[in-house]
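Next up: the same protein chain in two forms, each one alone, written as structure tokens (structure 1, then structure 2).
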Structure 1
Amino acid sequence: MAKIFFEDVVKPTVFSKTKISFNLSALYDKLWEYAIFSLAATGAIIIVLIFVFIFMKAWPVFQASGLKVITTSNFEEQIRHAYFAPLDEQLWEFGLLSLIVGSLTTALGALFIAVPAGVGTAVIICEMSSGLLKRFLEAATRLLAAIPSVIYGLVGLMVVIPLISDRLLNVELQIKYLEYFQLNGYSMLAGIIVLSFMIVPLVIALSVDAINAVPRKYREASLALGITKWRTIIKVVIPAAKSGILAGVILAAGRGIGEAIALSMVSGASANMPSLRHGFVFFLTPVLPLASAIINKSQAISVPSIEAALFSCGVILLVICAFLSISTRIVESAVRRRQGLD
């Protein structure tokens, strides 16, 4: 009788508890799934709204200037005229070419320094260091990447600017180029140096992650064939980590183009158009990158046309950074397909 009771009552009860527990677990997972999806959708909607808001604010300048907004450069004078213009005669035509060139040349110059230094340092950390030293170098790199940009700008003011002024400038050179701009150390070169120090920790950190992700069997197979360690690094490890390294370089480029505070402190804050005809003085030209222009001219944002001009700088920055972000995905996918990983 007790056996019949156990089979007919106890077993169904245990089964029912298991089923209820399973249903609660599935419901819990579904709730988390919907919550994460809702947060992702909310973030995407916010990003779209930011794009729409900035485009709407900048539309009067794009409508009045057309393609001239990216093909002409007279930003400083246009800002000055717009600031002193009557409210009923606002000037909506602006040319941002000098700002775009200042952003691109500064970022590309910084990448020219940061990429070899960053990838080389990552190789040393991953392949030539071990144990406590490796962990210390990785932690120090991430600490450098977390330093606020204003600190780098302050170091640039105290070290880089005086160094350029004392070693590369003289009175004769300053007088020669006085009709174009004032040479005082605040220049594209100073921006390149400061920006390269800012983005090299990012290149190192992402390259370290990419190199560490390379399977150990790749190295062991290469060394087993009698290939030297350095040749293994150059011919096996780095090509295998290429997708991650390229993604890191593109993300560092986006960081460089979007940097505002440090560059506004050292690059000269003057919307000059650098010219290769000036030779090495090309790098000594004071420039005003797009992000720095938003900071430096923000005191005049109460004027509607200047507000629209600064928002147009933001639009161009958003387009460039979105292009770089999409390029990161495309390059990474292309490299992985070529390597047969996808």
Structure 2
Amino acid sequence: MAKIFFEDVVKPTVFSKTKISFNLSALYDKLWEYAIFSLAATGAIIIVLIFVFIFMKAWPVFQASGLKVITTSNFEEQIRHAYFAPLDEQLWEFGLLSLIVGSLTTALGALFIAVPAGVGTAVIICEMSSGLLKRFLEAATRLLAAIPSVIYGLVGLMVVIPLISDRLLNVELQIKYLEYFQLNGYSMLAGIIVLSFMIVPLVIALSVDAINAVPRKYREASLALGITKWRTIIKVVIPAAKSGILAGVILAAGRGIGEAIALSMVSGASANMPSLRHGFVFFLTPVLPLASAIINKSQAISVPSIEAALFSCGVILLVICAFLSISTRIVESAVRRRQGLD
């Protein structure tokens, strides 16, 4: 399509100007290269634009709150006040700590489940299964990765939430915690469970690639030393695949932090600060991760200060995810270098 675009637009001018002397085809080639290059360059510029626009929109909040943005947590109240503030007396001060904690706890919790389960499944796919079972597992992984997050949210809503509120909650508990928050099943735990299923196919897919890329000679060396197949997998194959598996873990972490819709549907949609003092109720706390906050509060986005608050959620997400993306490569190559693989 780039070709059509180019021929339509550029050819006539080139033709009229170069009729006389020099090598038309070389010029044509050069221009084509420039066209390709400029399209490629726009992609590179977009990411800069994303940073610039989102930082700009969030700037008033950072200006008004300073470090408090990431050290205080009074988000719900601030949003409420900001909403009712008159247009010319906007309240720009927001504290996002509870949102950040909500994002990190759900993502880390999901990783805690999804990484071992994903690597385990990958081992089964690559080393322990064959034929139909292997095909089924691969297809299931691919399909799980392709199921839209809103469906995960919906299923979580209809299955996980009732399960939590039936099994883990009772009236006494609810009354006891009423002063902090309402316990109704919508919780960090629900978020963790739903998120685990969403990121596990990523971990599986990247681990499968990594394990398949481990040369046969390592397995043979280990087996020839009288080591069992399973110990070969645990002690030789997985360590040799470590860099690729780690890349998958980081990718999954980014996906978990950035997930908005599914978490906004199940994790409670209210910005409470989970506290370890509450024991296992820590996990039952309704939380509002950064990404879902943007969805949940988007109806109020016409208020400039709330808009800015949501954009500052975006800034934090962007910074975390950019950091993760960049660290993927660095971590991967550092591990490989230490192993002597390159």
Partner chain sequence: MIKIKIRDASQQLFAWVSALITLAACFGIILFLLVKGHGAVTLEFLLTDPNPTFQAEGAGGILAPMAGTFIVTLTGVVIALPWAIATATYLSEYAKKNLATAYLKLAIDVLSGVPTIVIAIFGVALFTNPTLGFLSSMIEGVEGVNKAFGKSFLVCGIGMAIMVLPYMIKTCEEAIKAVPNAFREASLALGASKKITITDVVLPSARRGIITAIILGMGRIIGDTAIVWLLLGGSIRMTGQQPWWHLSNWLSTLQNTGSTLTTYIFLNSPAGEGNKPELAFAASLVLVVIIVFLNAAAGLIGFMGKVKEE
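Between two forms, the rigid core is the largest collection of C-alphas that superpose within 1.5 Å. Please read all numbers here as calculations on a predicted model, not as lab measurements. Each residue is numbered by where it sits in the sequence of structure 1, with counting from 1.
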- Query: Structure 1 or 2: which one is the form predicted on its own?
  - Reply: 1
- Please check if L133 moves between structures 1 and 2, taking a CA shift of 2 Å or more relative to the superposed core as movement. yes
